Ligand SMILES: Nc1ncnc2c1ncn2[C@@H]1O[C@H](COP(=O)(O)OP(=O)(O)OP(=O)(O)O)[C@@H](O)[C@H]1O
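First, one chain by itself: the form predicted alone, in structure tokens.
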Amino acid sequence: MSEKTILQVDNVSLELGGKRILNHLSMDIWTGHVHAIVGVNGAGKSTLASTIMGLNGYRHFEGDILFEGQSIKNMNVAERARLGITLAWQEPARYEGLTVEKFILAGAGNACSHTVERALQTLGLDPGKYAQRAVDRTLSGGERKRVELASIVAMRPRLVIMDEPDSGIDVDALNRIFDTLKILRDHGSTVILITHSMTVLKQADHAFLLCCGNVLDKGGIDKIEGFFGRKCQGCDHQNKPDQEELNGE
């Protein structure tokens, strides 16, 4: 039985500053799965995430991107978001003067305060302590990341792209995020994890290994984990991972 594809990246090439970052890259993202896009720093992972989301500076590329069979190449960020595509940033934004509750409600449509409470609790945040706090510098990076993911849980998007979800957070928060992945999948969301961490990679159902802007290999987690550990470790590429990256630390 073949898997249903929700997102198709079709022969995409992108240049930034005169340098080709994505190089005839193609991949199919299956509906209802947690996928990992893994590779060393500089492999093109975050660039691909930005291109899928349609961020400024990443919309002029060769090839095409299809969401549920429809080209989104000429759509802006807002149009892609309305289709149900969202991006969780590696470094979440700050919003001076906006409370956590209003931030979550802004993306959740017809949600109510109970939705906010449930979403915060899912990420291990006490609604009584966090709902009326501002989404600004008074929150740590890890807290802002969890607030952002709480908003995504409340939103229930069709496709979630998480850029380096383990960046700047402690072990407890990371475990909460891993639990959230299962909740999103159970609610019908498809998830893409952008990572160079073995620990994050192991949370996925399927993975793509990127190198120099193209897919070097794809398949099950054991296969990609082994390839990344053996091949990338011995590679003389300038962006090869160090031992801590390979161990997921």
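Computed from a predicted model, the values in this text were never measured in an experiment. Residue indices: 1-based, along the sequence shown.
Missing here is the form predicted in complex with the ligand; even so, the following discussion is about that form.
Figure legend: unbound chain with the ligand modelled from its position in the model of the complex by local C-alpha superposition. Site open, with zero ligand atoms within 2.4 Å of backbone or C-beta atoms. Although the partner is absent here, Gly54 is not a contact residue: none of its heavy atoms lies within 4.5 angstroms of the ligand in the model of the complex. The ligand is not drawn, but in the model of the complex it has no heavy atom within 4.5 Å of Ser26. Using a 4.5 Å cutoff between non-hydrogen atoms, Glu164 counts as a contact of the ligand in the model of the complex. Mapping the unseen interface onto this chain, Thr31 falls outside it, with no heavy atom inside 4.5 Å of the ligand in the model of the complex. This chain is displayed without the ligand, yet in the model of the complex the stretch 37-45 from 199-207, 215-223, 37-45, 66-74 comes within 4.5 Å of it by heavy atoms. With contact defined as any non-hydrogen atom lying within 4.5 angstroms of the ligand in the model of the complex, the contacting residues in 9-31 are Leu16, Gly17, Lys19, Ile21, given in sequence order.
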